[in-house]
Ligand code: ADP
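Okay, here we've got a single chain as structure tokens, the form predicted alone, with questions on binding and movement later.
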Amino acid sequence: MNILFTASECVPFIKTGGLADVVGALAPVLAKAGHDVRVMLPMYTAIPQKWQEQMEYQLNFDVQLGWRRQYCGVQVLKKDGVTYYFMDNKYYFGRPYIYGLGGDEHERYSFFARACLNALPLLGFKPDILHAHDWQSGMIPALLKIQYAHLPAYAGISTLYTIHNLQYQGIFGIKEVQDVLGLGDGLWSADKLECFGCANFMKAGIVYSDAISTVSPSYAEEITTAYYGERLDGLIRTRRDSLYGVLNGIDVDEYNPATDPLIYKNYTAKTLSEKAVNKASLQRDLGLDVDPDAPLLAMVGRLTNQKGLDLVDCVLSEIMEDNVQLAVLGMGDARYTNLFSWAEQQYRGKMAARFAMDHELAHKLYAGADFFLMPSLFEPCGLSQLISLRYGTIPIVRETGGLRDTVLSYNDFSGEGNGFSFHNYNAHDMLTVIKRAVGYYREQKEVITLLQKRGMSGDYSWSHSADDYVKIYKKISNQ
């Protein structure tokens, strides 16, 4: 099949979150299976120079945005069997940030949508499937159906729209979006593009795509409810028959403790004792007490309420009791950077915080920690718990979204499970489970070893997920 991805980020070129990991890992797997896979991305200035130097100029054209005529150049780069197109406009993407504060985000990603569609006949590529990702690509299925589908070059293109995080929807003023996309007044009704008096790019993708997917089966169920639906649950329920939950995978070559060049010492499930070397080295580098008997909990990710950090705030003093260590890596809200900065001073030798996006340190944390704490309020899929399992670092999670689908709490009686979990979004429920995990670490090391080996033997590759996506592609394109 001819498959086109449209996304705002993709590893290894540009990344702010899990969306980039998904696009960057799924596309090569599909290409390896024999499909012609191409990916369209904005040409950000922030893309590392080593990738920019490998790009070749392909063509250029003008994009009409209301009264504006904007230049669009197309740079091309081929990697791992996938063709990547970078839509180049310095006014929109030559900025010192990836996503701005919203002042003209509607115009930036309206340009991207229009540029992706206009480029197809010029590139001589007609996809069977156009697979759009998150709100930044939400207008592409809408524009295709409203303004392009009657043209021979676009006839028969089927669309799949993937929601990676429903909380971020791309909400703007209707007049502003009309101004750049030329969408008539008749389209701004509740059953089409209008959403609570605003333009909503994610709603556009949900309404006009042939099918919708999200990144775990549980999250697909959750977003049909008011609690998780972010005011779009009613719309999503009307499309339930076209909604699929496909669990993300991870790049098992990049995240492989047996070969990972970024960790202190490589190890496998058979040489699990080498994990202790990683722990000791990590403790030393972070300024923690080098103590093999102190269970080390790690957290890696955005420092926001979504990640359950308000629960951690409530019971931090209780967590740090009894010789437990905590290491935190991420960037985010001032409330939490202040909290962990204070905690680092308060619990010297037991608490370490690094406020950065540090890829190498993240790998070292996955390899060196004993437990990975992820008590999310909601989690569409989550990649961190999959990575931690791969490294034999036992996850402690809240049962929501993809966390519920991937982490099964250890059962004393049956011996089943690969981690620890709690159900209610409650700080003391979380604390109880942390204490349970620490209890096993102190008193039943054989259970910890069992869970470590079980986690490391799991299959977290993209192969199953890619097969599921192909089934959806075939269903919506009648192939």
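The first residue of the shown sequence is 1; numbering continues from there. All values derive from a computational prediction rather than experimental measurement.
Omitted here: the form predicted in complex with the named molecule. The next part is about that form.
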Notebook entry, point to check: Tell me, which of M87, L193, L282, I387 has a heavy atom within 4.5 angstroms of the named molecule in the predicted complex?
Noted result: I387
Margin query: Quick check on this chain: which one of S242, Q306, S218, T224 has a heavy atom within 4.5 Å of the named molecule in the predicted complex?
Written below: Q306
Note to self: Since only the chain is shown here, I'm wondering whether H359 would be in contact with the named molecule in the predicted complex (any heavy atom pair within 4.5 Å).
What the structure shows: yes
Item checked: Heavy atom of Y228 within 4.5 Å of the named molecule in the predicted complex -> no
Check: Would V300 show up as a contact with the named molecule in the predicted complex if we use heavy atoms at 4.5 Å?
Finding: yes
Notebook entry, point to check: Taking heavy atoms and a 4.5 Å cut-off, does F111 contact the named molecule in the predicted complex?
Noted result: no
Note to self: Given the stretches 90-98, 379-387, 232-240, 153-161, which is the single one in contact with the named molecule in the predicted complex, using a heavy atom cutoff of 4.5 Å?
What the structure shows: 379-387
Next item on the list: Just give me the residues of 250-286, first to last, that have a heavy atom within 4.5 Å of the named molecule in the predicted complex.
Entry: Y255
